[in-house]
Each structure stands twice: as C-alpha cells, then as structure tokens.
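Two forms of a single protein chain come next, each set out by itself as structure tokens; they are called structure 1 and structure 2.
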Structure 1
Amino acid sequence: MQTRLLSAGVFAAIAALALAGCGKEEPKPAPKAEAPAAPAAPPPPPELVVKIGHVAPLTGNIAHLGKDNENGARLAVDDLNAMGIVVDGKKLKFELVGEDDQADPKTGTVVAQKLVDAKVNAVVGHLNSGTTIPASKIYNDAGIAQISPSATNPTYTQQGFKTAFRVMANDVQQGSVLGEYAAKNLKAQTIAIIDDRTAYGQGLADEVEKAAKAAGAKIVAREFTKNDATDFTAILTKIKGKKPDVIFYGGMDAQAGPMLKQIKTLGIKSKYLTGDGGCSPELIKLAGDAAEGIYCSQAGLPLDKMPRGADFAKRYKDKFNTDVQIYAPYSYDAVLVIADAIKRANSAEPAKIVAALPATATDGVTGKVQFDEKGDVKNGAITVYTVKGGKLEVLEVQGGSPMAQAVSAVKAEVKEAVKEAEKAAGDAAKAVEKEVKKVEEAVKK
C-alpha cells in the first residue's frame, strides 16, 4: 500500500513537470522605448587666420619702447581671440606677426617687404617716423593697411597713400603746443633747440621752432646730434654760452636721459623741454634727479584720463609684469580698429580692410578713434607734463574730443575736491587734538 502511494506520488510529480514544460511561457516585458537621439551639435565654424603684422625696434637703445608697442598689440590680439568673432561664417583667429626694424630706415623697408611676403592682412607700426615713412610705400604698393601708433611726423599721412593711418596726434599739433608753451607758460624769450636728425626728432623740432617764433621767442641756437649718441658735452657747452631760457630736445628718451645728467654737471640753469619720445618713465630712470622739474609732452591724454586707461594699465601690468611706457594703448587701439574694419567689411581681405578704415568710429582705450581725410586721428590731444618727485605729473591737456575733455575735467575736479576734503579733515583733527591738549593741561593744573 505504501509502495503504491509513493508510485502515484512520483507519477503525479512527473505529470506536473510535463504539464509545466508544455504550458504557455510567462509573458516577457515589452522592450523599453528608446529615447529619441539628441540632435547633433552643429559643426564649429571654419577658422580664418588673420595675420596682424607689428613692427617696432625690439633691439637697440629704445627697445623698451618697441616692446611696449608690441605688448599693447599682443594684449589686443588676446582679447579679440577670447571674443570668438565670426565673420562671413568663419571664426577669426588673430595672430601677431612681430618684426624688429631696429629703428633703422633700411631695416624698416626690409621687414616691411617681409610682412608683405607673409601675406599679413594689415600692419600696426612702425614706431619711429624714420622707419614708418619709407615702409609706408611698400605697404601702399601691396594694398595693405598700415596704422602707426606712434609715428608723428606729418609727412607720413601727407603722401596721399590710402593705406596710411595713425591713432595719435601729429607733430604739427604737438610742436605748436610745445613752442607756444615754452614762450607763454615758461616765459622763454630765448630758446636753444637740439634734435637727433631723425624724421621724428628734426620734424618735431622744426614745428616747435615755428610756434615759438610765432609766440615771440627767439631761437639762439639750433644744434643736432645722432640718435645713438651718448656724449653731448660739446653741444651743451656751446649752448651754455648763449644762456637760453629753455633748451628743447627733439629725440628719444635714450638720449634725453644722459643729456640731462650732462646739463646738470655743466651747471646749465635753462629749463628743459622735450616731446613724446622723451616723455617716459625710462627718461626719469636714466636721468635720475637731473630729470626733476623738466617739461615734456605726450601726443594723447594721460593714461589715467583715457576712457579705459585705468583698466588697461592694470591688465597690462598683470600680463607683462611691467608698467606702460608710452604707446601701448595706441598699439592696442590700432589692432581694435583693424578688427572693427574687418567686421564692418565682413571680410579680412586687405583691400576691403583699407576701404573700411576711413569710416572708423571705434571706442578704444584712448577714446573714440576716427580718421580725417588724410588718415590722421581726429581730435588728437596733447598733454604737457612736468617731472615731480620722480614721476610724470600732468600740467595741462590741449585738444582731444569734447567728451574726453569733459571726463578729464570732472576727474580733475573730483581729485581736487578729495584733496581739499582730506586737508579739511586733517585740519579739523589737528584742531581737536589741540583742544584736547589744552583740556589735559588744565586738568594737570
């Protein structure tokens, strides 16, 4: 009996297994619907390299000024690349192609041709008028725009070249201010003039002489030296005998510094005046205390009075670990002007850049940049400085746009108001301290 039950149980189990094997399968879960694929990102726009040539003396006795120019242009290139500018469906990549002209006219033409052969789209430079002018024909023949940030000789933009532009005031403007300033503000009846026989130095000296004579001053000596000279004793000794009220030097800081030391050694009491080439921190460094009390000018607003000058000065120092010398803001603006022309022309072709430049109205570090029919900057300002306490101190600003002048005036008024408030606060504090002492003395008694 027991055996039958077990057998029946076994059969029942087998039957159950068989039925399970022949039964319906458990329904499988339906496959999950796949999420729609994200739309493919559009391909990045093709890249267009824009080559900006830059030329300045990077070796020699004014290499510090040349590097200053190049740094200004390089900072602008970096800023433009960070913007991701797209023109005609292409993303622009700006590249700076730097060359050293050694402040030599012959070398200047050689490197100008080198940039033309490299197919640059436009050029910022050169620094010196003596290299800028001969190079300008090469760029003009090639149809490439040239914007100088620092060459001030009028001849540069008077040749009729449609490719030549500059972003700072020229020597006619600067020389007129300096000649008149010497005669009227410095009360000079007699003036001795020295120049370095470069296109810049001699050109500026000529304009100073014209303006000084027109203002009633007499030129008692006109001497010249070379732009690599270091000994001016013979010239200065000759001038000393003339006893001029003012000595004007047309040239660069590399000569003005040693010249001032020799003037002090010779005991010459004349006031000293020079132009933008010598109006730099480097001059003060080279001349030391012999620079104290001299007068000089720069063809533009003071850096701290430029619309974006303070920010530029900080960013320049952060990037290059040095202070601006003179022309870096103008090099920066020259690059911005080229980029603006490219955007308006919707093309980086050199011919289209040249065609767009006359209509420029770019807000730069130095102010609004616009050109007249010759390619000179409109509303160029001239600032006169003196050296006080080893630093350049602004005396007056002439020219410049009405807006820039208004901003400068407001800043000057605010600065003066702050000084007066600080003085008043100091006087009040001293008065209180005096009264406290009186009370203390009375208590002691």
Structure 2
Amino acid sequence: MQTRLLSAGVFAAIAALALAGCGKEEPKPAPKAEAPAAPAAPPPPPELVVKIGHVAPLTGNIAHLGKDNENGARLAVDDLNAMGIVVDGKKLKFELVGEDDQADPKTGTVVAQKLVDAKVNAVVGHLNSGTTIPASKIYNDAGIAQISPSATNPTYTQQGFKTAFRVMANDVQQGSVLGEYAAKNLKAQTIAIIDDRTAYGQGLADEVEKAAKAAGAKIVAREFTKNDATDFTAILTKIKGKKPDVIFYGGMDAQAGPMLKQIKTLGIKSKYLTGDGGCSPELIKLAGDAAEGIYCSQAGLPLDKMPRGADFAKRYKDKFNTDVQIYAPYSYDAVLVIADAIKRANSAEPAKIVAALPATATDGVTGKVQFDEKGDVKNGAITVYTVKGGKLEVLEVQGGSPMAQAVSAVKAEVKEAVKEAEKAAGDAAKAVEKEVKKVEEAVKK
C-alpha cells in the first residue's frame, strides 16, 4: 500500500508537471454556447455550460457508496438546471461529468487529469481520503476547485491548497468529539487507547487522546497493533490490568471485530469506543454479540436529523428508486456550494469559483455550509452510535467542540482584518504607482 501511494504520488507529480507545462498556454474562458444566428424574435438568454466533474469509485467493493455520491450530485445538478440561474446575463446549464476512480490512488490521479483536460469548472470528489489527497495536487495545479463530500483525513486540507475544500467533518473534529464523549458522557476517568499504526487510526487516536485529556480523563495505556493483526490478547491483557473505564480503538472494523471477541473472552468489563472505521454493519457481522453495547461514531449527521433530510430522502428515492447510502446529501451540498460561488463571483471561470468559495454560506441539505481558513467545513457534525440488538442506533449528535469553533472564528476574523489591512496597503501602493506613472508620462510628453 505504501508503495502504491508513493507511486501514485510520483505519478501525480509528473502529471502535474505535464499540466503546468501545457495548462498555461490556454487561458481561454469557459466554452460559451453561442445563440444561433438570431432571427427577428427576441433571443433567449444565451446559455453558459458549467461542467462539474464528479469522481467516486463506481466499480469495486464500495461501488454502492460511489454511485450514491454521484446520484446526490446528479440530483443537485437537475435541481439547479430547473431553477434557471442567470449569471452575467447568461442562463447556467450545469452538466455532470462522472468519473470512476475505483478507490485506487493511481486511477484517482488519472481521472483527475482527465477532468482537468475536459476543462471542468469545478470538481466534486473524491470519495476516499486515499484518492482525494493525491488528486488534490492535480486540481490545485490546474486551479480548479475541489470539494470532497466524504474524505475525512485532515491532511487533505492541510497541504496549503487554495482549491481543496470538504463539506464533511475531518478526523480532528471526530477525535475531539470522541474524546469528550468518553470523558463526559461515558464518565470515563481512565481510558486505554489502541491504534493500528495507520495514518487514519493513529491520527484519530492522537486526537482522541488530546481531547480526553483536556476533558479531565487519564490515559492509563497507549497500545499499538497492526492493520493486519488478528491477535490482540497480549495488549488486551495488559489493559485489563489497568482496569480502564473505556477502551478506545483507532482502526478498521476488520480488527475491531476479533478484538471485541477477545475482550469478551478475557472478561474485560470496560466500555468500548471506536471511530467511523469500526462503525459499520460489517463490524457487527464480524464481532457478533460481542459488539452489543459498544459505542462508535460517524462523521456527519444521520439523514433524519438533517435540516432538509426527510425531503431529500424522498426526492432521492423518487428519482433513483433506491435509498440514500451515506454521503449523497454531502455531494448534493457540494454542488450547491459551487453554484453559489458561481452566483457570487458572477462568473463560472474556475479561478473565480476558487476565489469565491472561502466566503461560502450556503443552506444545504446537511445544514449551513461554511468553510474555515483551511477549507474544512465549520461545525461539522459527528454522530455517536451504539450497537443494540445487532443494529447501529443513534445516541446523539454533536457539532465540533464549541471552543475550537470560537478559536477558529477569532482566527478567521484576525486573518480577515490582516487581509484587509494588506489590501488597503496594496491599494495605497497601487495608487502611488499610478501617480508615479502619470508623472512619468507627463514628463515624457
């Protein structure tokens, strides 16, 4: 996997280089559909085609989730076309350009390049963190906005790309909710943490540790396993000796399943908490009745708790004759956010969309979408579930921690102020330059 990621990265870099070479030569505006040679009748407003790229795995073992994402985006495109938005005197006609990345980082960069070559105005995708991160470099180099509906790895928005956005809470936000949940709701004074040494598991576990400590809990053990391990008895026995109130595991369901069975065999009575990697029906299948009563979280709201979730679910079902899986409302919102940016920028040029996105404040299906300075969604919701009767049951929904929100809001304000000051200074400088030029010209004359 490492080498695959690496080669994908190398490929992305090469592709980006190639792109940088040829991309600059054609700064042509977005294609305009000219009105046909108009007869005498008043011409209909000319159309402006806006191509929205969409990438998700449409084949392979999470193809059902990929199709779900694409359907969400398609529903948004149809809604927007029905609305008949007019921008700069032209009627917008949205088109969805769907691509399949097979959940594979290498393919992800290939189709990203394909979308760039097809001159899409903005991209919704990809589904997985592993494909989103390498592809984000290609979109960034091409100056095309990318909004991921479902990639949660923090790295995606931490690369300093102005084009990278996401409409779902990241693992930092999830970790802080989980840590607080353990300390406050589960009343844990002592917590043992295990992670699987992957970017996802370790990252999430670190965030949980920070948040739990901040909330007053004590970390009595920090243990490690691997994402291909099946035997956890040694570390679990050690943890048993520490008698923690809660055991947190950062990793996937494939390990959490056998781990839960071993916890039961060893007679450990601690509560068990895990993140979205282990919060799946698959976990319940693997762990059987040992999964009963555990707690886990997923990034995002349950559909019936979303502001317009019920309506969305109904229209989705009517149109595609299937139920929403998970992320469709998020890809729907991602398209709305792009349309909103086009409206505010009064242009569908990729660069103008990128420039307009940070100021987004759109009311979507999932709630109000606003971005922080990195491009992460503000106040991303996290839902905590428990397993009851072999099914996941919603316990409660939490936003990002209020403190973090306040801090990021203040930070944003400060940045805004600094930007304004810079702008003012820049304007002044420009004015001076103009004056100088005028004087120079006058002197020449």
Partner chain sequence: MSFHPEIFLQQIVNGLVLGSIYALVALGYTMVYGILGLINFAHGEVVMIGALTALSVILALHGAAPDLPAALYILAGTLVAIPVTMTLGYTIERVAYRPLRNAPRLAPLITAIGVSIVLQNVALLVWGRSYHPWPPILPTTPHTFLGANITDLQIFIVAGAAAIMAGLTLLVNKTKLGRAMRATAENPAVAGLMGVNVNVIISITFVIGAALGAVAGVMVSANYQIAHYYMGFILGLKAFTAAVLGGIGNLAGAMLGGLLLGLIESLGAGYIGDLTGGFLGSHYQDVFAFFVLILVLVFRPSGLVGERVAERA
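Between two forms, the rigid core is defined as the largest C-alpha subset superposing within 1.5 Å. Keep in mind that what you see is a predicted model, and the values were worked out from it rather than measured. Throughout, residue numbering runs from 1 along the sequence of structure 1.
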The form predicted alone: is that structure 1, or is it structure 2?
1
Smaller rigid part, angle turned between structure 1 and structure 2 (C-alpha superposition) in °:
28
Aligning on the rigid core, one finds that Cys296 shifts at its CA between structure 1 and structure 2, in Å, by 3.9
After aligning on the rigid core, report the distance the C-alpha of Leu266 travels between structure 1 and structure 2, in angstrom.
14.0
Using a rigid core fit, what is the CA shift at Gly275 between structure 1 and structure 2, in angstrom?
4.3
